[in-house]
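Before any questions on binding or motion, here is one chain by itself as structure tokens, the form predicted on its own.
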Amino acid sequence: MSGHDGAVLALSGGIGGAKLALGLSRVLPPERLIVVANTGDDFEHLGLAISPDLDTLMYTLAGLSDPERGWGRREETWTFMAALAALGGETWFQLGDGDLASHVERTHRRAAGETLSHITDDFCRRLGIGAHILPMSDDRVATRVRTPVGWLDFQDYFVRRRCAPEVSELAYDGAAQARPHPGFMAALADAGLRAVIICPSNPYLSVDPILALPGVRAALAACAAPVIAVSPIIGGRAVKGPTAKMMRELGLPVTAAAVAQHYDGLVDLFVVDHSEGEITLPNMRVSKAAILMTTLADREALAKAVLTFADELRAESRT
């Protein structure tokens, strides 16, 4: 199998990661793309099993995502939420009417004994998604953040409190006992794998839960394919979400270089925006590309650039 024939493995959170995953799905034969999704954000709400990052990836790759919000389904309606509010129910976590179908069906199937990965695979097939979207694990992992008001469950911090509390520590409850998805580990061990791409997702909230699973760091370090990460920071600012705020609170400089250092020992090449100054790192290469993905063309162009970097690294390693 040549470098161009192998599968590409992407590690992703929600909105930012899904943009690059969509680009990759459009420039690769879809069946050659494996996207491993963070499930540390998963939680139960109103009795429903909700998997935000899996759903964002699924809706994005199916062409169903809301282009304005970046999460949820396009042309969504909110009759359920309005009726719930009228009855005095909890409305801090918004569930659109179409989105609700995913959660109800997932909950029903999980109660019947199906795994999260099996359900996700079936949803993807029904929605016409050719890429493989895998939850990082079928076991429960829960991201929690330590704040001045104590430890908070992720969605309580992220949605209910709008990331307002200062973060001093993060934990990934259950990660040490969880088993990485077998398809994820098999891809990392595949000598024909073309590339591993860490999408521009929040390193601490979206990527670290995946890296916290037993054996994942070692498998990444031993992986034959080039491992490339794309910066979620451009010019000292996060493209989306609380990454910059969280870095400041954790005592880190809000720079692309600080994110690169976070991946030290795991990544061969780090991709920063063209607008960044020179970044020199002792253990990894740095390349530049247009990493702000505003349009579909941007997503495809970045996907092509990252794959080109990977193929160049792979060719070098063979000479």
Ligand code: GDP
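Heads up: residue numbers just count along the shown sequence, starting at 1. Note that the coordinates shown come from a computational prediction; the quantities given were computed from them, not determined experimentally.
Keep in mind the form predicted together with the named molecule is missing from the figure; the text below concerns it.
### Query
Ok, Leu33, Val267, Ala256, Met293: which has a heavy atom sitting within 4.5 Å of the named molecule in the predicted bound form?
Exactly one listed residue reaches within 4.5 Å, namely Met293.
### Query
Going by a heavy atom distance of 4.5 Å, is Ser206 a contact of the named molecule in the predicted bound form?
Residue-level check for Ser206: yes, a contact with the named molecule.
### Message
Can you tell me whether Leu307 touches the named molecule? I mean in the predicted bound form, with a 4.5 angstroms heavy atom cut-off.
### Response
No - in the predicted bound form, heavy atoms of Leu307 and the named molecule never come within 4.5 Å of each other.
### Task
Would you please decide whether Asp42 lies within 4.5 angstroms of the named molecule in the predicted bound form, comparing each non-hydrogen atom pair?
Outside the cut-off, so no.
### Query
Quick one: does Leu22 come within 4.5 Å of the named molecule in the predicted bound form, counting heavy atoms only?
So Leu22 does not count as contacting the named molecule.
### Query
Does the named molecule come within 4.5 Å of a heavy atom in each of Asp55, Ala62 and His181 in the predicted bound form?
No, none of the three is in contact.
### Query
Want to guess which of 239-247, 101-109, 190-198, 221-229 is within 4.5 Å of the named molecule in the predicted bound form, heavy atoms only?
Result for this chain: 239-247.
### Heavy atom contacts to the named molecule in the predicted bound form at 4.5 Å, residues of 7-31 in sequence order
Stretch hits, in order: Gly13, Gly14, Ile15, Gly16, Gly17, Lys19.
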